[in-house]
Structures are given as structure tokens and as C-alpha cells.
Ligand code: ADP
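Listed next as C-alpha cells is one chain, alone, in the form predicted alone.
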Amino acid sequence: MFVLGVTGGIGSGKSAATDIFSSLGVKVVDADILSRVPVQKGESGLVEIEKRYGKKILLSSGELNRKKLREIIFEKEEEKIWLENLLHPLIADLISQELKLSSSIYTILASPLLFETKQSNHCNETLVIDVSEETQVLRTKTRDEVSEEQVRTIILSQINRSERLRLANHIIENEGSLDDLAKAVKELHQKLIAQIETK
């Protein structure tokens, strides 16, 4: 099975790109969605988090208080490392399961932290959706109604742009319109199908 990893910095248009792949009949496995599963009520990840931080980490509904957890891991690097060591293997298992279930000609693994979390190990090739930092800031501020400072903090927490581009097998520049993005995705789609069919 051929897996294409799709990533990009915040505000780069990863979701728009994977939506286009999906419309072409390609199965998209979204690491972001799967990352929420181990911390759902009753799941092993949440049980471990509650053991470490106590009841205060839960909402009155018994679900994870994400805001509180974010505050803890932003303040203390060792807590962030502990959480990653707990969750990344659980998420990796879920990704493997989802990829195995796919029956499309190839499968997309969409992940904002594809390289940082070594999720790229699941992939045959990788695609980076790339925009300038200025575009990232502008789009994210507009979309999420957050300050420029917050956006720049998120950008700094991700792998830097030059390193991301260096690791990519394919790059799509997404500074133009949605039509431009669709055209580039469709071209890559045809190229991948031809490549897979000749193997």
C-alpha cells in the first residue's frame, strides 16, 4: 500500500489540499482527529493523565479539560515530554490500523507534525503544502481570530520551514487561489497513480 504523508505549517492550507484529494476518491487518514481518541472519556490515555494530574484535569462531564492541560505543558517542558511519550505510541497504533483499512489506490496521512512525531515513517513519500510565514500569520489570524504573537509562537513550535521543505518529496506552493491549489493537487494525483501502476 502506498501512503503519501501531507503536512505543512499552520495556515498553509493542508486541510484544503486533503479535501481535494478526498474529492478525487483518495482515503484521508487525519492524525489530528486520531490524536483526540486516546484522551476521550474511558480511554487509557485519559486514565493516565488523570492519575498524573488528579481530578482537576477533568471537566465536570468527566472529559479532558484541554485548556488546563495546554497550560501545564506550555509551562513545563518535562510535562510536555511526558505527555508526548504517553500519547504518541497510542496515536501511532491508531494510524497503522486506519491505514490498513484503506482500500483506495493510495492513502493520505495528513498530519501537522508529520516529521516532528516520526509519523513520516508510515509514508512512502511526503508532500509539503508551503506558504510564506507572512501568509501563515495572515490566514491563521483571520481564521482563528487569534493574535499575531500567538500564531508566531505556534510557528516556532513546529519544525522550521527550510527543514520541512528539505524532507519533502513533493512541494505544492499555496500562495494562490483554491483553483490553483486544486490544479496542483490533481497533477500530483495523476503522477502518483501513474507511478503506482507502473510498479
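Just so you know, these numbers come straight off a predicted model, no measurement behind them. Counting begins at 1, following the sequence as shown.
Absent from the display: the form predicted together with this ligand. The rest refers to it.
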query	finding
In the model of the complex, residue 22 touching this ligand (heavy atom, 4.5 Å)	no
Residue 164 within 4.5 Å of this ligand in the model of the complex, heavy atoms	no
Contact of residue 15 with this ligand in the model of the complex (heavy atom, 4.5 Å)	yes
4.5 Å heavy atom contact, residue 27 and this ligand in the model of the complex	no
The single option of 41, 68, 152, 143 touching this ligand in the model of the complex, heavy atom within 4.5 Å	143
Stretch 154-176: residues contacting this ligand in the model of the complex, 4.5 Å heavy atom cut-off	174, 176
